[in-house]
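Heads up, the chain below is alone and in the form predicted on its own; it's given as structure tokens.
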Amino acid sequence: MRILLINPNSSPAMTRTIADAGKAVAAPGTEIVGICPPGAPLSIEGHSDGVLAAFHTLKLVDESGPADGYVLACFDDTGVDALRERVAGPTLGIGEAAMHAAAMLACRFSILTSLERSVPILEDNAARYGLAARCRGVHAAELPVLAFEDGDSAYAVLRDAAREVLAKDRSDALVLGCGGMAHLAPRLAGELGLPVVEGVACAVKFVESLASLGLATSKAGGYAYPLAKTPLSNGEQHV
């Protein structure tokens, strides 16, 4: 089984961190291919970064050959719907995977992300996934995405913020709201004493499971392949 694990930003260091997290949980015989689009923003922090990253990610996937499944490793789930239109293999974003996993493990969960500007995006996603009632809050550690490449200094800030938001929300589990936090999850879980869910591992295992069951993205409706655009005689195009 071949899974493309796509970091939609262009940070090679973060891509290695994410790929390592995916490989650590992959089953024997599963090939995890960690890639990132060179033309994308160095980090994804807001709507415009997300749109640019999604564009470059789609181009990269088109050039990367077929795979049995796909994981998009930005917690905003950047480009997931667009990619589902273009491929048949199961396709998951780490945000959707982590939220559903947390809902299976705890009555209530909190999300701790990087910057405040990401909070509205994640709140909207939780509502879209039907999990707004289970998600008791989305909070920001106020650390830029690339800060998580420096594990020790970022960890202390993240740990202290996690304790605060869990107490405030009275939550039973913590969801890490950035792919770059993946390597910090085991250490946090040990200190906090409750489930700390990171989406890279969850998404890899979910995609593995769906693919092994022979399930694929439906092409009967909203995720049908994109329609071909045929030029008109006057040079315009049908859209």
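Don't overthink the numbering: it's just position in the shown sequence, from 1. Computed from a prediction, not measured in an experiment: that's the story for all the values here.
The following text describes the form predicted together with a small molecule, which does not appear among the structures shown.
K.L.:
So which of 128 to 136, 106 to 114, 157 to 165, 81 to 89 is the stretch with heavy atoms within 4.5 Å of the small molecule in the predicted complex?
P.N.:
So the stretch in question is 106 to 114.
K.L.:
Does residue 175 reach the small molecule in the predicted complex, with heavy atoms at most 4.5 Å apart?
P.N.:
No.
K.L.:
Indicate whether the small molecule has at least one heavy atom within 4.5 Å of a heavy atom of residue 43 in the predicted complex.
P.N.:
Flag for residue 43 set to yes.
K.L.:
Is there a heavy atom of residue 199 no more than 4.5 Å from a heavy atom of the small molecule in the predicted complex?
P.N.:
So residue 199 does not count as contacting the small molecule.
K.L.:
Are any of the heavy atoms in residue 145 no more than 4.5 Å from a heavy atom of the small molecule in the predicted complex?
P.N.:
Heavy-atom contact with the small molecule at 4.5 Å: present for residue 145.
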